[in-house]
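Shown here is one chain on its own, the form predicted alone, set out as structure tokens.
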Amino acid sequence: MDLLLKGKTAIVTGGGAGIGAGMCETFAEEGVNVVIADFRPLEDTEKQAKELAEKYGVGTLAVRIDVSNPEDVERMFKEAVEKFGTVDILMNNAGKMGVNKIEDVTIPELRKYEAVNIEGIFMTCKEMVKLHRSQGKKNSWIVNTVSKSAFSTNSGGNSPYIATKGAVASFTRGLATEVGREGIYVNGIIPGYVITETTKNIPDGGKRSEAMKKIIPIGREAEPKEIADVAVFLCSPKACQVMGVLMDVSGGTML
């Protein structure tokens, strides 16, 4: 399906791996210029950007960024505008996750989650709204990656992640209400269990994957590209009646 996105420019934070890399691939397939923003070594992201440019004939830009650093966020938008003239789409996919039992959580550790998962998304959205207004744009799109853990979890020891992703869910709906009338579409996606390089390399003989099949109603984990296809659709004019939605892409796990 042609999503009518050809020639637009998208920033994807956390775009260097997993779901974020899938998003970059789908955008490139649709003819979108892609800014791959990630905390990984810049040479890795630059290689990814070059491969997408050669494969799909789109413009690409690799940026090393810590989304919790306001200066990095401002620089990312500045570099994107310098190269492409504007940014039409912001895909907030960068996030911090991990296992932290409540008795082990310190205030500094909790603030690390807050800095990335809450402040990072807040600041990137702020810059996107500023750009939309300063350029007098008709439409812009923001999609935030939430998590099923913000609503339902069958595991313990990750309360900082759960709490901060819950904040992202609330923020997404609040921002949509605030800026929607200006033509800024704000939505979120709720991934469930996704196959990534990290989960593939868990040395458990496939036990995790087998356990997931029993939990997920469709019977399997998602591929990053499958999550990306839905996220990119939300950035399309074809999704013009979708505003402030938290789209469940968990394969039924939320049930």
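Just so we're clear, the structure is a prediction, and the values are computed from it rather than from any experiment. One-based numbering along the sequence shown.
Omitted from view is the form predicted together with a small molecule, to which the following refers.
*Asks:* Mind telling me which stretch in 210 to 218, 66 to 74, 24 to 32, 50 to 58 gets its heavy atoms within 4.5 Å of the small molecule in the predicted bound form?
*Replies:* Heavy-atom contact with the partner occurs in 66 to 74.
*Asks:* Taking the small molecule in the predicted bound form as the reference, which of 184, 80, 125, 94 has a non-hydrogen atom within 4.5 Å?
*Replies:* Among 184, 80, 125, 94, a heavy atom within 4.5 Å of the small molecule in the predicted bound form occurs only for 94.
*Asks:* Can you work out whether residue 17 and the small molecule are in contact in the predicted bound form, taking contact to mean some heavy atom pair no more than 4.5 Å apart?
*Replies:* Residue 17: yes, in contact with the small molecule in the predicted bound form.
*Asks:* Heavy atoms within 4.5 Å of the small molecule in the predicted bound form: does residue 132 have any?
*Replies:* Result no; residue 132 lies far from the small molecule in the predicted bound form.
*Asks:* Does the small molecule get within 4.5 angstroms of any non-hydrogen atom of residue 90 in the predicted bound form?
*Replies:* No, no contact at 4.5 Å.
*Asks:* Indicate whether the small molecule has at least one heavy atom within 4.5 Å of a heavy atom of residue 230 in the predicted bound form.
*Replies:* No - in the predicted bound form, heavy atoms of residue 230 and the small molecule never come within 4.5 Å of each other.
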